[in-house]
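The chain below stands alone and is given as structure tokens, in the form predicted alone.
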Amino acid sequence: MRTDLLRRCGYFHNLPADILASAASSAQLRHVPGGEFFFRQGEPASHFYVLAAGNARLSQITPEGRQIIMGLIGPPHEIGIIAAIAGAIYPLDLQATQDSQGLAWDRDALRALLEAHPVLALRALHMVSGRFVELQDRYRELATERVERRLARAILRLAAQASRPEADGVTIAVRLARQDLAELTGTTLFTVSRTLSAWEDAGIVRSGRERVTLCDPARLTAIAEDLPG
């Protein structure tokens, strides 16, 4: 089961069976109750995780003391590769939003894995640089883009990470309250509710309790990219 999970994870995707088996055997399974944290912002980066079950929220406290949700993740998402770097600290909180499980590699196990399999070290480098660019893009969005565009981008990003087909569209496959969307996009609950209601009237999305369905992804993409019409 562990190797099947890793095979579906982006970091381990398309790797030989021996590397998957080595990674799976060196991981520990960690259970985190809903509301508890896998790790907190500012703590020493001690573990690398692949979420195995449940859902979790990535958030960051800005220097001004404002909390911003950076992402909502489901299995088999990987997070915390920065643990491979000596002296690194976690730049974000990772909080379970429901009872969750994660495969965890402590720093020693992770380094041994990277030394034994250079392809994983190269992927780790790409992941660290990619996450840095991701954070820069999110801050740029929050600082410069109008709310409707930020909200459309956030919904499309979540749908790309985890979704399931429905009869009338594609539903984001993680619990997603409107307050979560407000914190993801740096706006208010009122603004998110008003925007989603307008999009529902236009047939672009359908939202309910902790769920959002994309009924017309093309029109939502047009809003996200600020296209005419």
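Everything quoted here is computed from the prediction, not taken from an experiment. Don't overthink the numbering: it's just position in the shown sequence, from 1. Between two forms, the rigid core is the largest collection of C-alphas that superpose within 1.5 Å.
Omitted from view is the form predicted together with the DNA, to which the following refers.
Among heavy atoms of residue 207, some come within 4.5 Å of the DNA in the model of the complex. Looking at residue 186, you'd find a heavy atom of it within 4.5 angstroms of the DNA in the model of the complex.
Although the partner is absent from this view, residue 61 stays clear of the DNA in the model of the complex, with no non-hydrogen atom inside 4.5 angstroms. The shortest heavy atom separation between residue 197 and the DNA in the model of the complex is within 4.5 Å. The listed set 53, 162, 177, 170 contains one residue whose heavy atoms approach the DNA in the model of the complex to within 4.5 Å, identified as 177. From the list 35-43, 189-197, 22-30, 162-170, the contact stretch for the DNA in the model of the complex under a 4.5 Å heavy atom rule is 189-197. A displacement of less than 2 angstroms separates the C-alpha positions of residue 59 between the shown form and the other one, with the rigid core held in common. With a cut-off of 2 Å and the rigid core superposed, residue 31 has a Cα displacement that falls short of the cut-off between the shown form and the other one.
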